[in-house]
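Below sits a lone chain in structure tokens, taken as the form predicted on its own.
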């Protein structure tokens, strides 16, 4: 009974968590650097230097894929593996499979990124990678599911904590979305054609696209919030019942909201209206979650003043509330007619991506990495500087894009007395240079903060071995 193999099973498997966190930080820096570069290309188009692999059309999907699938998914895997062990009071199920998920996912990001730079693109938003990568992603995702649900299945306590409901919803729904939207007829190793065509293809794509945002960039990160916010605040979640009700309302409502991306397009009007109505209903579970988080931290004012990790998470809740209010408003047809195909949408996406996803991840990492290293954060001062850089960068970014988007929408709707456009597309886009310049400045601020995060956390981990933590039931047995 005292073999090394048996003893290793007494400890939480946190080394894989640490590696996933490290890769998430690497991808955040690289992905945001590419995003800054393509933002600069919209101000100075000559920055592509005539090379196809530096063109906007290749770098932009590289930016979204590295940020979403590299930075975000690596962070979600790390926090899911960390929290599911502690909420189940058992080590990971099949730890070798967890390591396979970690390594294979990073290899897929590298290979997929190179394929996008080479111009191999399936031409679907958030699903640009070609069919061999789709198969590889499916295999890794199934392994992720086995590790996660296997750990829950062998849990020592009966209740399944709410964070695991959200992580589980993320795993199941993203698998369904990815498989259906990726159905294709391969022609060569690098080219395939979607199984769907025309309007059905558009509906399937935005059923996938919006719900990839919903269950990955929203649901998954709500799982992160429900575990790490109470830990950081040192308080239980304000209302556990509200969190469960919000989960089911969120899961049911979000899945129907995708058609609001297709207003005024060649799809049935009732489908557009359904997407609009369900988007408005989505306000209720979204704000219920935000209120739950804010009330949880409401009694931790003293800690909020000194803890940069908690500052990031509380700020992320504010941006979550903003983004989940703005989205349903933009789904209303009378608003969408102004916002459709404008930079307002870009501002909305980044209020969620920078303000919600990045901020909550940064806050979680500032809390988690010292725990993994068994030492204090290398520099609280640098973390506080990062906080203000991130806030300034996010606010400047979304304000610039809101200004650009509303201007575009109103100018495109401006007609003369005979119904002709008052302004040409070229004239309108030519007037966007100041807004795009501000976006570049915002990107520099945000990326600078992210570089501080990377330095701070790697210094925290430097020379440290991951602390071995024993599950509570095992610790109690050993003490006895």
Partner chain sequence: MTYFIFIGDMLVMAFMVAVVVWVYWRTSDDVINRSARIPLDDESTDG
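Numbering follows the first chain given and starts at 1. As the structure is a computational prediction, the values presented were derived from the model and not from experiment.
Just so you know, the form predicted together with the partner chain exists too; it's not on screen, but the next bit is about it.
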The partner chain in the predicted bound form reached by all of 227, 248 and 274, non-hydrogen atom within 4.5 Å
yes
Counting only non-hydrogen atoms, the one stretch of 315-323, 172-180, 277-285, 377-385 within 4.5 angstroms of the partner chain in the predicted bound form is 277-285
Exactly one of 345, 407, 115, 253 comes within 4.5 Å of the partner chain in the predicted bound form through a heavy atom, and that residue is 253
Of these, 119, 234, 186, 132, which has a heavy atom no more than 4.5 Å from the partner chain in the predicted bound form?
234
The partner chain contact in the predicted bound form: residue 159, any heavy atom under 4.5 Å
yes
Using a 4.5 Å heavy atom cut-off, state whether residue 22 contacts the partner chain in the predicted bound form.
no
Is residue 465 a contact residue for the partner chain in the predicted bound form, using a 4.5 Å heavy atom cut-off?
no
Wondering, does residue 240 line up within 4.5 Å of the partner chain in the predicted bound form on heavy atoms?
yes
Does anything in 79-99 come within 4.5 Å of the partner chain in the predicted bound form by heavy atoms, and if so which residues, in order?
82, 86, 87, 89
